[in-house]
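Okay, here we've got a single chain as structure tokens, the form predicted on its own, with questions on binding and movement later.
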């Protein structure tokens, strides 16, 4: 089995006039291929996966696999509340080149999504799919937060190999790392947590910031692993305002605008999301410049 390690961008999905642009995807991936990123996550939250059709999702996996070199892992966001749909989409994504599946915690019936429900859901999925599962815990979108006891149990399954934890809870990262087997990959889900996460046992990050600052995100982890903690912390601190701008403050529209400013193709988000306002773009430019990115 391929090893999960390093920094992965949840790549944005390029649209032109509301339609998927494979040409622009190729342009972006060709730039990222020149970095030390561990691979690419397609159909993540920042990829606007909830606005994609099934056909578009499979086309994205196939294209990303085609444009990426063999040493870059392809992780596909294939989870939905439906177990049957998750299994079906995951296996089709695997046939098109996905190495791992990123499976969102089910969340519609929030009050019932507790330990037993999560164990049942992920066990059934993991038993039936052709590629390994990375659990995706993102409380700010789902409204549910998977607990340490549940992850400890699920980590014993041979086909459940990691968790992307998108909360900014450092204690939770530490507990996930401490309560799971050695080869279970704990992955931070936001760039604000790279320093604290890696120093607490995480093996890498799936972070939006890596779309626009791949080298900086990779360097934070590398500095930590080389024992240069002060340098790593300084770089982490320099990136925090940028990360805040392209996630919490401006969201997908901000991330895509930043990509346009830095030589990638961002373009417009898909409706019902709107483009970033001109005044916000000016502020974003200043944030990128202050961080030394622009």
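Numbering follows the first chain given and starts at 1. Only a predicted model underlies this, so the values are computations on that prediction, with no experimental measurement involved.
The form predicted in complex with another copy of the chain exists for this protein as well; it is not shown, and the discussion that follows is about that form.
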query	finding
All of 45, 178 and 271 with a heavy atom within 4.5 Å of another copy of the chain in the predicted bound form	yes
4.5 angstroms heavy atom contact with another copy of the chain in the predicted bound form for residue 240	yes
Contact flag, residue 252 vs another copy of the chain in the predicted bound form, heavy atom cut 4.5 Å	yes
In the predicted bound form, residue 91 touching another copy of the chain (heavy atom, 4.5 Å)	no
Non-hydrogen atom contact residue 53 with another copy of the chain in the predicted bound form at 4.5 angstroms	yes
Option touching another copy of the chain, based on a heavy atom within 4.5 Å in the predicted bound form, out of 29, 63, 233, 262	233
In the predicted bound form, the one of 183, 95, 127, 85 near another copy of the chain [non-hydrogen atom within 4.5 angstroms]	85
Contact stretch among 69-77, 151-159, 206-214, 170-178 - heavy atom within 4.5 Å of another copy of the chain in the predicted bound form	170-178
In the predicted bound form: members of 19-35 within 4.5 Å of another copy of the chain, any heavy atom	19
